[in-house]
Every structure is written in C-alpha cells, then in structure tokens.
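Single chain ahead, written as structure tokens, the form predicted alone.
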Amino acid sequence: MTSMERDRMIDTAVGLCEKYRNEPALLLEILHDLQETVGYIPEETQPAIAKCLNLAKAEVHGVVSFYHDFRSAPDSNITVKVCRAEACQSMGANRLLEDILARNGLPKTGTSDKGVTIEEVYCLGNCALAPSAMIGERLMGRVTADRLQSAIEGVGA
C-alpha cells in the first residue's frame, strides 16, 4: 500500500467517524461502513478511528478481531463458509470441512494460494438441508465435499 492509499483510507475512516458524530457507541456502524467502502478494515485506520471516538486503539482492534464478519485484510477471490452448528455437525459438517480444507491445501481455516478462503461459521439458517455451506452469497444445502469443491472451481478457483 502506498502512502497515498494509506492516507486516503485514513481520510475515509475519519470521514465516517464524522458522519456518525464521533459517537463511540456507533463504532460497529462505522466499521461496517468502512468495510463496505474499502473492502476491509485496514489496520492503519484503527488508530485514527480510536482517536476520533476517544477510545483506546486496543478497543477498536478488539472489536475488529472479535467479529468474524470484519476483515483486517483484503478479501480473497472466493469465500467459502462451512456451517458447523449442531444440525450440520450431525449431518457430517466436520468431515465436510476437513475434506474441503484438504482439497484446497489448507491444514486449518484460512486462505489458500489460489485465493480460496475457507471459514467455519455457526449456523447459516439452513438447518433443514444440513450440512450447509455458502460460497460468496450462494447458500448450498445437503452439501458433499465433491459438490462444494465443484462449486468452488466453478467460480474460478
């Protein structure tokens, strides 16, 4: 990231804080807007947000790192979420997750060299069709490792 890009992202973060009147209680809204605008929550913006909201840098970082929906790095090309809630686990989600991680060369959740990010989540709201997974915004039910891998490859991995 160039210093100009960095400054622009910080300006965007400061502008969003001003939009929300520098109200600390609106930190989540500010972070959601920043992620929607920039694509992620750059680490460089967190001290600026903390200063605007009169919070400790650790408080802002703690919120960003606590919520799985916030990304502190640019998103990969393909995000795959595998549900591990009870209904999905009872229908083989743990084995599905292990298989899909192995097929994409990952020992645990994370991003592969091909830009496939695999995450485990706890309930996609599709319990009747367990096990469930999601690729981008596409929800899939009764997923097998073969079907999920085909879908991943179908979107460009």
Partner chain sequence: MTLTVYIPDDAAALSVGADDVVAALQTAAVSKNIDLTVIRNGSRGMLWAEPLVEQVTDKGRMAFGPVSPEDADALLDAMVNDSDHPLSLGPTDEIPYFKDQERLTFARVGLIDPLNLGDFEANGGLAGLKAALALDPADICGIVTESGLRGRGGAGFPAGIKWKTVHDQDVDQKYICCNADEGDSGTFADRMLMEGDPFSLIEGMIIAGLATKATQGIVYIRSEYPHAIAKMQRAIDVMEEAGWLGDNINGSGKAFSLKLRKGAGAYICGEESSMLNSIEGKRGTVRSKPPIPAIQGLFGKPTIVNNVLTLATAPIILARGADFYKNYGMGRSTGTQAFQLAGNIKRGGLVEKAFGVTIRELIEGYGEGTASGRPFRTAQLGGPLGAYVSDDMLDLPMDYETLAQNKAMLGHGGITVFDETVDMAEMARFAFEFCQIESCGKCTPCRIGAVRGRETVEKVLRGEDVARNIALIEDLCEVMTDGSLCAMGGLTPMPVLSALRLFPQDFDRAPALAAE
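Residue numbers count along the first chain shown, from 1. For clarity, every value in this text was computed on a predicted model and none was experimentally measured. Between two forms, the rigid core is defined as the largest C-alpha subset superposing within 1.5 Å.
Beyond what is shown, the protein has a form predicted in complex with its partner chain; the following relates to that form.
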### Query
Quick one: which of 39 to 47, 110 to 118, 60 to 68, 95 to 103 gets within 4.5 Å of its partner chain in the model of the complex, going by heavy atoms?
60 to 68
### Message
Contact with its partner chain in the model of the complex for Leu139, defined as at least one heavy atom pair within 4.5 Å: yes or no?
### Response
yes
### Message
So, Arg147 and its partner chain: in the model of the complex, are they within 4.5 Å at any heavy atom pair?
### Response
yes
### Query
Taking the shortest heavy atom distance, is Met134 within 4.5 Å of its partner chain in the model of the complex?
yes
### Non-hydrogen atom contact Cys52 with its partner chain in the model of the complex at 4.5 angstroms
no
### Query
Quick one: which residues from 112 to 127 get a non-hydrogen atom within 4.5 Å of its partner chain in the model of the complex?
Tyr122, Cys123, Leu124, Gly125, Asn126, Cys127
### Query
Does superposing the core leave Asp146 with a CA shift of 2 Å or more between this form and the one not shown?
no
### Message
Could you check, with the core superposed, whether the Cα atom of Cys88 shifts 2 Å or more between this form and the one not shown?
### Response
no
### Query
Comparing between this form and the one not shown on the rigid core, is the C-alpha shift at Ala128 2 Å or larger?
no
### Task
Indicate closer or farther: the Cα atoms of Lys108 and Ala58, in the model of the complex, relative to the displayed form, with a change of 3 Å or more.
farther
